[in-house]
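For reference, the chain that follows is the form predicted alone, supplied as structure tokens.
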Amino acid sequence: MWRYVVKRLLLLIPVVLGAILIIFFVLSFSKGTPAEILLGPGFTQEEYDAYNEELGFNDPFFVRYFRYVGNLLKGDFGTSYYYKTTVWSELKDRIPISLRTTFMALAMAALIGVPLGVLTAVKQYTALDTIPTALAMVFAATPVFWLGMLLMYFFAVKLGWFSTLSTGKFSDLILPTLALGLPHAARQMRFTRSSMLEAIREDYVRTARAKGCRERSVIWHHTVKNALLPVITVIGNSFGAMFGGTVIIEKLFVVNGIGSLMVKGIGNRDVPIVTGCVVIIALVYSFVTMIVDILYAYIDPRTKARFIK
């Protein structure tokens, strides 16, 4: 098991390096320079070039890339072009906010999607199957930003139950959590339903029924236990997608998390800020995926045996 963990940790290196390379490439060769955006109009080209030189933006692409990687290995995320402070000082207070929103959305998606998936599979071809499945298809196809705007319009603007701006209260996270979690709840419901329907048709389920086991026991002690194994992987992957999805949600609901910081950094061509955000997202996603795989190994003895080998 430890050999597997070490291998997964080593795989983080090319993942992070690749993410940094992509961000550097996109921001370096897109239109405009940090000086033009941060200083604004009214300056000469010489002044723009001098400011870019001060930021180190005029250096060759790979020089800037390897310099950033070298500093990152020392724990230095660089200095923000816009804030004039270290990138880590901007990230450290925003990461917990994004993680809290993501965990709340993930918990809500699992608590809604998994039980509904079990229910629709058990009640197949009934109203308890048709209606939730139809709603799940709608929510799964609904863009997160559009769902967020609908929730904000009805519950914040029309009904006045929530604030349209983040004030630091716990209630301010309810609408972002719903907007982020409902599409994933729909996907988890559909996946759980498919997994349950496949498990229900297995021989061990027919054998349990032939032995006279009660239907509730057959469903919860035999079918659900085995059907939820692949669902764990889906939930883990959902966490990574949600954590990256906070970029849209936090900007929409004005939540001061890592997502809103990244959007502002992109607008300002603040390469250190954007790169730092991407590195954090890549690390969190990779760690969560690794943890999910380890948990899966402990739940499923067959998977654990393969890891030990």
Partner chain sequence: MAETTTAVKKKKRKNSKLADTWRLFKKRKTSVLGLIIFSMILFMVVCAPLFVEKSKVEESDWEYLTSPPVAGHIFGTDELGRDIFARVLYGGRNSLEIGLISMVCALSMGVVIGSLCGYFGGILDQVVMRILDVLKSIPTTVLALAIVAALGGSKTNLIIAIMISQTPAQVRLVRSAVIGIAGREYFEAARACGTSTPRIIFKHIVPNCIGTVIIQASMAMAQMILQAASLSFIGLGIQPPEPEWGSMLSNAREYMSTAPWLMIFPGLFIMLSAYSFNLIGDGLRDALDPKLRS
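Positions refer to the first chain, counted from 1. All values reported here derive from a predicted model rather than from experimental measurement.
The same protein has a further form, the form predicted together with its partner chain, not shown here; the description that follows concerns it.
- Query: its partner chain isn't shown here, but in the predicted bound form which of Leu39, Val69, Ala50, Val263 has a heavy atom within 4.5 Å of it?
  - Reply: When its partner chain is considered in the predicted bound form, the option within 4.5 Å is Val263.
- Task: Have a look at Met149, Ile232, Leu119, Ile200 for me and say which one sits with a heavy atom within 4.5 Å of its partner chain in the predicted bound form.
- Result: Partner contact (heavy atom, 4.5 Å) among the options: Met149.
- Using heavy atoms only and a 4.5 Å cut-off, decide whether all three of Thr126, Phe191 and Gly212 touch its partner chain in the predicted bound form. No.
- Query: Which one, 81-89, 234-242, 220-228, 110-118, holds residues whose non-hydrogen atoms are within 4.5 Å of its partner chain in the predicted bound form?
  - Reply: Selected range: 234-242.
- Query: Val15: heavy atom within 4.5 Å of its partner chain in the predicted bound form?
  - Reply: Within the cut-off, so yes.
- Query: For Met137, is any heavy atom within 4.5 Å of its partner chain in the predicted bound form, or not?
  - Reply: Met137: yes, in contact with its partner chain in the predicted bound form.
- Task: Evaluate Gln45 for contact with its partner chain in the predicted bound form, applying a 4.5 angstroms cut-off between non-hydrogen atoms, and reply yes or no.
- Result: No, no contact at 4.5 Å.
- Please check if Leu55 has a heavy atom lying within 4.5 Å of any heavy atom of its partner chain in the predicted bound form. No - in the predicted bound form, heavy atoms of Leu55 and its partner chain never come within 4.5 Å of each other.
- Message: For the stretch 61-93, I need every residue with any heavy atom inside 4.5 Å of its partner chain in the predicted bound form, listed N to C.
- Response: Residues within 4.5 Å: none.
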